[in-house]
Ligand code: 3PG
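Read the single chain below, which is given as structure tokens and is the form predicted alone.
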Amino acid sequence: MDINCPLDKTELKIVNDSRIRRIVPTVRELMGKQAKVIMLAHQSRKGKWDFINLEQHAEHLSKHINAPVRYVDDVLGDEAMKAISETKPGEVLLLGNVRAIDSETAKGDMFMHAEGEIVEKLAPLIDYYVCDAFGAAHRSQCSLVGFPAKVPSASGRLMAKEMFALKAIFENPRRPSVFILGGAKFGDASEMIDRVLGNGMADTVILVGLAGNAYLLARGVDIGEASTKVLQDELTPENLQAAKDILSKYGQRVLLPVDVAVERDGKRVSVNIGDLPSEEPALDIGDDSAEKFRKVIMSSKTCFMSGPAGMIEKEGFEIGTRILMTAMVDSGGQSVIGGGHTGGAAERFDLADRFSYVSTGGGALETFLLGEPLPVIEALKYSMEKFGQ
């Protein structure tokens, strides 16, 4: 299961458990079939501030399925083995954070991972493997791709729902189709834009967040040292050139911010692109950009958003994201959002239920949209061919 949740940085408490709620139908169905449900999941990864155990996750899941979920902070040791053997039909056991085991994230394909210690230790104990982790489907990791080579496997209800919904929406979108790309990364933005505009999946791409700032830089706008510094990890010559090539190739079909919002004397202030550079970093799109993009979105028939428009966790700088999302649900067209932070923002704004579809995937969704194989889906296909069930 992909129940990787956003946490409060101070208390390390789950602040949005939407991913946990989304896997409830699969868990309940398995319980109803009197299966002994043993769950593997992760939270963040080693070295990150939000890498914690899954005790909270078990408590949240227990509340949502209205049944006990036992948790042991162990995956392969004696405590885990004992808990698995004690699990009765219809009961649920959540094992510890699987990414505490180094071999989980080792680089390798399905066949290498099928021989890994996680599969070696747990596969003999199970009858079937069910993967409901669409949000991690782009990762070739042991607990995700190793089991299908060893035991009969299937997708969970959420995984199936994600794939059917995304294919229906993106393979034949209603026109005009608008893609909004934002968030904290922009390294893959150029490839994504080239694919969705090149193959007709989108008619227009709106860039916000770090992607918007990076493309302004590629267009020759001096966004200022503070904003540039935030981009450093991905601001390679290759990425910058790729952005310039996209702007040259697609012109006005790629829309960039006309102003940005900065924090000045404790207040949100919109700064026109012509008045940059600014000493303060850009934390959101500006008011004029939000209005410009709102009008484009309102005229769309299909609109997809991946990544927020600004630093939504900072008060006053969630405004751009809220305006764009509100336009999406008010447009009357197909509206889809993807990624944990994007979905979390929609819930925060009380808009989640108004979207046509809210995907749990971030990286998986982007991989799907780029037309690249998803390792988890490929592993499940292999299992179907091998075991025939």
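All residue numbers are counted from 1 along the displayed sequence. This structure is a prediction, so every number in the text was calculated from the model and none was measured.
Beyond what is shown, the protein has a form predicted together with the named molecule; the following relates to that form.
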property: Per-stretch contact check against the named molecule in the predicted bound form, the hit in 171 to 179, 133 to 141, 315 to 323, 77 to 85 (non-hydrogen atom, 4.5 angstroms); result: 133 to 141
property: 4.5 Å heavy atom contact, residue 22 to the named molecule in the predicted bound form; result: no
property: Contact flag, residue 42 vs the named molecule in the predicted bound form, heavy atom cut 4.5 Å; result: yes
property: Exercise: residue 363 in contact with the named molecule in the predicted bound form, heavy atom 4.5 Å; result: yes
property: Residue 4: touches the named molecule in the predicted bound form, heavy atom cutoff 4.5 angstroms; result: yes
property: The single option of 161, 292, 268, 185 touching the named molecule in the predicted bound form, heavy atom within 4.5 Å; result: 185
